[in-house]
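Take a look at this one chain, the form predicted alone, written out in structure tokens.
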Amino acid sequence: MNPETVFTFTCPVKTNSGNKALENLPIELSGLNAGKPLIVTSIGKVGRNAIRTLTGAFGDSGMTLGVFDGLPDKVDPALIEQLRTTIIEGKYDSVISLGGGTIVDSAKILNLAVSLKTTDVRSLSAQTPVNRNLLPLVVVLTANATGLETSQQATLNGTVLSSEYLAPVLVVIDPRLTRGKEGKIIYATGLAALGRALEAHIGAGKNPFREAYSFAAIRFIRENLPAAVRNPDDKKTTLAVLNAAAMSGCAFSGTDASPLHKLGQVFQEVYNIHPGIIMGMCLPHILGDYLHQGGHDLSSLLQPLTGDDDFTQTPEDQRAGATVSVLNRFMADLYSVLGKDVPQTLKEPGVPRYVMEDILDVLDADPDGVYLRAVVGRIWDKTPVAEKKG
């Protein structure tokens, strides 16, 4: 890379990861001039033990905690307005989000509504100016993350809000909370992280900082996801997968939305399917298309996927094809471990026809709608992945 290339990269997120990482939270909050956080989460998604572990980490800190554990699957503007009132009347000075996915979206929107003194959450839009610091937002990740938790985006009923100030100031990744009850959960988290990291790594406007995050995220997933899927109770490998998810969100923040991301998000928004499940279905098709069409530097993915030796020993003109082959084998190995626990087509989870019509309507409004529709058609049943000819 030319060191004189002009680029911008912003990642305001501090990461605390490892054993007893939660116990540092009181010190971190004090450093942010905060001492009375409101914890927002969904007990149905994270479980009682996760909430107890988080609140127990405050020990004898003397801090007063508020806990709301009834967040729904989607961001609910009316509920956000009620929580905004709770924060103001209770004089809470920070927000802690426990969990992943839409839980963090709700926390980001709540933080925005409080900080901007917005009484009507429905009035927030992509054009809402967010150009100053908000209340301190801490994200405590659990196994059902999507990778967007550390990003600069939040989704409100299909509308994407984006600003560096929406990103959390701190993400905490503690192995007591990264373990999943089943391989399907950590699989979905890992595939969402892998998909975002892959597309960030080959996306337009490359810069060395973004590549550092995406490279590490890809390597972590390649080395740890298979073992984590086999044993979702393993602290070491699940911690690595959640670290990859956090890094993928930071890498994604510096890119434009890409096909894998768009497809994962629309199915999550309309039908509440974890985006990693959809991205896993789409990944072989989209990378196969990239290989066939050219224009994407797939060869640059081979090094984080295989290591320095395999990368250097593979002829340059064969690296793109080798990348797709490695990823296809990787996906096949994951499916062999999980079997029928993870759907490989849209037919398997039984997505209703009326839902598919809603999804296709959303895709039609996208500039890449024709292509995204075609990919959805291929993952409806097991359409073979296109191979490059010649």
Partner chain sequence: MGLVDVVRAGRKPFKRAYVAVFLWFTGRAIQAAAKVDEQVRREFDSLPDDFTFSLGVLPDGPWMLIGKDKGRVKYLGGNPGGRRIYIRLAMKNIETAFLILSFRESTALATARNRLITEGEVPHALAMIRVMDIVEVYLLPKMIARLAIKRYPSWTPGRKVFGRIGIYTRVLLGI
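What you see is a predicted model; the values in this text were computed from it and never measured. Numbering follows the first chain given and starts at 1.
Here the subject shifts to the form predicted in complex with its partner chain, a form of this protein not shown in this document.
- Heavy atoms of no residue among 302, 313 and 321 are located within 4.5 Å of its partner chain in the predicted bound form.
- Its partner chain in the predicted bound form is approached by residue 68, whose closest heavy atom lies within 4.5 angstroms of it.
- Although the partner is absent here, residue 63 sits close enough that one of its heavy atoms falls within 4.5 Å of its partner chain in the predicted bound form.
- Interface membership of residue 373, defined by any non-hydrogen atom within 4.5 Å of its partner chain in the predicted bound form, is ruled out.
- Looking at residue 92, you'd find a heavy atom of it within 4.5 angstroms of its partner chain in the predicted bound form.
- This chain appears without its partner; in the predicted bound form, the one residue of 128, 159, 231, 86 with a heavy atom within 4.5 Å of its partner chain is 86.
- For the residues 56, 31, 349, 44, the 4.5 Å heavy atom test against its partner chain in the predicted bound form is passed only by 56.
- Just one listed stretch, out of 358 to 366, 340 to 348, 326 to 334, 23 to 31, contacts its partner chain in the predicted bound form at the 4.5 Å heavy atom level, and that stretch is 23 to 31.
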